Structures are given as C-alpha cells and as structure tokens.
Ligand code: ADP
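First comes one chain, alone, set out as structure tokens in the form predicted on its own.
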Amino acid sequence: MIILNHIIDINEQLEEYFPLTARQRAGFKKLGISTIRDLLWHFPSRYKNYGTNKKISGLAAGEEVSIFARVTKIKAEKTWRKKINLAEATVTDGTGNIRLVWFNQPYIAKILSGYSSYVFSGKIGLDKKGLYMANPEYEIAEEMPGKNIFSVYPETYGITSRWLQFNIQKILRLIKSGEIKIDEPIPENILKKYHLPRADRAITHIHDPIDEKKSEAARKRFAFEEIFYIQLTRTRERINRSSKPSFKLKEAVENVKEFISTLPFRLTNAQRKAIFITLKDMEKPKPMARLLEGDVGSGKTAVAAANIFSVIKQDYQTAFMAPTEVLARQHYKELIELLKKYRIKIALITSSECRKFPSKAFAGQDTHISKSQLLKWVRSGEISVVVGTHSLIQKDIKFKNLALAIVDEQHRFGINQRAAIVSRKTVPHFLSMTATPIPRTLALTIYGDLDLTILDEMPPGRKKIITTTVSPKERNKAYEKMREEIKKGRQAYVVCPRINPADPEKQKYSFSPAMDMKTVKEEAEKLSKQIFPEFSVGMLHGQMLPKEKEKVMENFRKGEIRILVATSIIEVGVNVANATIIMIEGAERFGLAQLHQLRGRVLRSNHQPYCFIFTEKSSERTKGRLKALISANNGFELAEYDLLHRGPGELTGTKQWGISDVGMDALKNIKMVEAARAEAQNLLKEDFELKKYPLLEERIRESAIIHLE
C-alpha cells in the first residue's frame, strides 16, 4: 500500500493505494468493492482462533499454535516431483528455527520479503526435514499480541481471504495513526442508548478483535446501522406518500358486495377481512399503501379483483404489474374469469404482445391489437384494467385516471420500477402482493413503508401436500405413483435445475462439476421415450420465446401435455388446477422458500397433491432443510427456519433484498428491528430532512441505492 503523509479519503478508489492485477480488479468488481470504504465494510464471515502462544524451541507435531518470529530466509520454488508451486520460509524467535511452507501460494514469498517480524499461526507438522508449519496465517507485528484470532473473509476468484486479511490490517494501522478517519453517522444518543461502539472502534474490532465479545459488539453495531438506514428510508417514503392526495372511493365496501355474490366459490374469512381492510383504506383521501402476503393458493388474486371491481365501479382505472410475462398472462386470464360477468375491458401489455378483452367480433376470445391503439384506449379511459410486466412503466403509457396500482412479487422489481407506477400528482392507491414467505422482521424492514395484511387461511377442501424425499432406490416407485395419478386424469410437473447438459470440456477443471445435474432437455427426452412413452411430455424454460412458452402453457392447461418438464420458471404465474404431482430434481440447489413456491403449484384443487423431492447430496444440512420443508405447515414457518438456520448469505432472497450478511443477523432479533424502526420514526419527527445529521443523510442515500435497486 502506498502511504502518503496526509489524511486519506476513505471514499477514494482502492487502486489509488493498492496495485491490483487484472484478475484482482475483476474479483473486486464481483465483490462490489471499489473504494477503501468498501474494503473496510467487507466484513469477515468467521474467525479462526489459535489459542496457544509458544516459543519455537517448545513446539511439537500436531499442535495448533502462534509464534512470534523473524523471517531469515524465504523463496518461491516449484517441486519437480509433484509440480507444486510453493513458498518456503525459515523463521526464528531466538530459541530456534522452523520452516514455514505455503502450497500453491508462491506469491507469499514476495509479500513477506518486505517485512521481518510476524505472528505466524497454524498447525505443526513433521516430515523428514523436521518440524514445519503448513499454510500458516500471518500478521505483521512488533511483538506477540495478546490474542490469536484471525479473520476469515468471503473470497472470490482472484481475491483470497489472506490477501484481504493482510491488506485490511494495513488500513487499520492507518486508522490508528489518524491518517484515515472513520466518521460517525449515527447520533451519539442512539449509540449510548443501545450500548453500540463508535464506527472507528467497531471497524477495528470486527476485523481485528481482541476477543469474541468485541467482534460480537461490532457486528451488533453494524447490523443495527444497516437496518436503521433502511428504516429511515422506508419511514420517510411512508410519510411522503401519506402527505399526498389520492382518489377517495365512495362506499367502496358497499359497492363490492355485488361482485362477491357472483363469485363461483366462497371466500375465506381471511380473504373477506383483507377485502374489507383494503377497501376501507381506499375510502380515505390519502393513498393506501399495503402489502398482502399469503401462501401459494390462499386467494390473493380474488382480493385484488374485488379491489379492482370497486375502483372500476367509480370509473377509475387499475394497473396490475407482474415481474414475468408468464405471471402477467396468468393474472390477465384470472381477472377475465373473475370479472367476465361485467364485461370489463382488460388489456395485457408485455414486451412481446398486446391484447384486449372482450372482443366484439369473437365473444370470449382475445383480440390482438396494435400498441398505438391500446395506448389510445388507455389514455381515453376506455380500457379499465391494464395487466403487464415492466412494460407498464414505459413513458408512452398514460392513464386517464389511475386510482389503483397493484404490484405482484414486489421484491423482484427495482425501487425505480415500483416508484414509476405510482409517481403521479394524485397518487394512486398501492397494493403489493407476495406469495414469497417473509419472516416478520424482514417484512418490518423491507416493507416498512407498507401496512401488512396476511392471508393465513386456505380455501376449504384443500388437502395438505404429501411431500416425500425419494432415495435413488425408490425413484421407480415415484414414477409409478406419477403414472397412477396421470391415468386418473391428473397432470404432473418435473422441475430440473438446468436447461442444457454441462459442457464436459468446461467441467474438467471445475471444483463444482454439473455433470450429474438433471437438465430439462435430457429429462424431457428420457421421460417421453423411456419412462412415460404413453403420455405427452412438454418442456418450459427461459430460453424459449414468449410465444413458445405461451403455447406450451396453453397445451398444458388444456391437458394436451400431461407431464411438463421445466426449470424454476414455473415458481410463479402457473395455475393449472389439474396438476397434482410435482417432482423436484436437485432440490438442494433451490432455497427453502423457492421449494415451497414450487410445491405450491400442485395446491390448486381439492384433489390430493404430491411432491417428490430428489437430491444429489445427502449432507446433514440438506437433510435438515428438507425435513423442515416436509414438516412445515406454511411458508411463514419455513421462512423463519431459513432465517434461523442459514449460513452466511444463504437466506433465500438475500440478493433480492440487498441486505448484507451482517444486516441479516439483525433480522434474527425482533427487538433490534423494532428499536431501529422506533429510532427512525423519532428522528424524522424531530428533523425530517436530517439537516442536523448531514452524514446520516448521505449514508441513507447510499443505503437506498445498495438495498433497494
């Protein structure tokens, strides 16, 4: 690191101070690290503790120890017998000498040549040449420290934990000397109230802890900080939205009674309650902002349809946005079915097509129309409901009087996409829907600007899905059960983790080969020719054109395809009541929430549903996850399990939610989330624009980009 005799700006580019190779630049880009600050906020995933400090003269084979020693000789070489690149050093502490060997890390010879004294920690081995330490951890030191805890960092190709550990230590020394300053954005009274260390102290302790208590206190501080920023952002959004005018619906609850009476099924009490709450919201002059959360098959679309009906009764319009074309088409068809008695004009607009319903010439059928014509009818108000993907937020789509915006699976959109649909002078009411199981703490954080309504009841007559993990020996029994159900008239899904077989040449040197992974194309061929030649088998995956996907889904809905082999593309937007069996291959490659969503595809009728789970691994962790899947009564239980039992970054949706692993730690602590929420509300009441806290204002702007885009 190039050290200058002046204060170093923590936001300066990393390359200004560290010479990086092309491989390292690519690695840092993948990790999202570009500045010194980014590097400091790349926290350890765990710590390794070498508890014993020893003199070289007293070492014995098999011990895990730390020694304080000076490098007297170091070289990089290649062994001719095994052709291994290694770095080998001789070190002394005055009581004796010992060899240190780093296998496949010859670059360490260059790194350690610039300094003389280090703490080396590792396991002592014995060979023909005597005692040695293999692949030791190392840290620059002037004397033996009182602790032997070493940080282990998340890595990527080109960036090792050892490189991160070594160079972050250099930055910590500059913080200690005052050449790098860590500003404190959190108000002092909040730090004191929750006994949180200041930022500079926390940074030091999270990277270089004296003991476990110090590292835990540092992680607690940064966990609180991250959630606090999100709560400030969300609370501010909520206050802003509530201050704007909206469409006040008259007698919204009374108007919807007619619609409910014409439904071909009886609503659950949870659905009735959700409809009442949302319509009461829309009777107010301020915009509704509500999240409707419910398991797969709990009837969210019926609640949405009731809201739409009440809006249309007063000559207003609705926009319904879904993340995929498959899901958009599904909602389009469901709304047509639920509202067909009223001949409401509903349009579908996606990147590949436009449709309008009903057709005057062909009753009950779709009419394909030009985009310009559709836009004209939306502007005039002739079309009451527009369903679509992100195509709905194109600049040329203008509504006459948009009173209700519905977004399904909101977390799959960026904040700008979500905001664009409601950014108007008169703000439309906003209803977000999700079938993704969300722990309560996550809902309070990510959806902190929305009121929460939960559908915790399934329609009567639905049977619990019989979920079974299937061993290789029992595979044929599972196939026979599928054959038995299909002969009864039912249909089946087979889900595979990949579309195409892996390239054998590319997999030769891979550490995680995909050669044995089930693929859609191979399984479809195998099932149609070898296992189920008597049944029609279809394929559905993301590489197909939209028209091809729609044709396959239409044939599956009609029953012309009996077995649909697909990727996880069917996770949302597929509703075929006659499909009662799903087989999931390579289940360990899917998150728990995703497995639950996939399983929910067969919970669409009163027939007995089945889910067969196949895995390529049988580790204890995999067994535990699948046991939870089988025993859980609903997706909320699974979400809580996933949160409590996850490893670093493993919670389903971590990437989608944009929360770091340290931030996720906070979500295990409901008191911390509620405290961050309360402090955010209090602070914004006192100083909405945070004029007294400019650094905090800067941080939450950065946080909004990181967490919500």
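Residues carry their position along the shown sequence, with the first being 1. If you're wondering where the values come from, they're calculated on a predicted model, not measured in any experiment.
Same protein, other form: the form predicted in complex with the ligand, not shown, and the subject of what follows.
Enquirer: With the ligand left out of view, choose which of Phe103, Tyr157, Phe265, Tyr342 has a non-hydrogen atom within 4.5 angstroms of it in the predicted complex.
Expert: By the 4.5 Å heavy-atom cutoff, the listed residue in contact is Phe265.
Enquirer: Pick from Asp281, Asp295, Asp208, Glu226: which residue has any heavy atom within 4.5 angstroms of the ligand in the predicted complex?
Expert: Result of the distance check: Asp295.
Enquirer: In the predicted complex, is there a heavy atom of the ligand that lies within 4.5 Å of any heavy atom of Ser391, even though the partner is absent here?
Expert: Flag for Ser391 set to no.
Enquirer: So, Ser121 and the ligand: in the predicted complex, are they within 4.5 Å at any heavy atom pair?
Expert: So Ser121 does not count as contacting the ligand.
Enquirer: How about Thr301 - does it come within 4.5 Å of the ligand in the predicted complex, if we only consider non-hydrogen atoms?
Expert: Output for Thr301 is yes: heavy atoms within 4.5 Å of the ligand.
Enquirer: Given that the ligand is not shown alongside this chain, does Asn575 nevertheless sit within 4.5 Å of it in the predicted complex, heavy atom to heavy atom?
Expert: Output for Asn575 is yes: heavy atoms within 4.5 Å of the ligand.
Enquirer: Choose one stretch from 218 to 226, 607 to 615, 129 to 137, 456 to 464: the one whose residues place a heavy atom within 4.5 angstroms of the ligand in the predicted complex.
Expert: Of the options, only 456 to 464 has residues within 4.5 Å of the partner.
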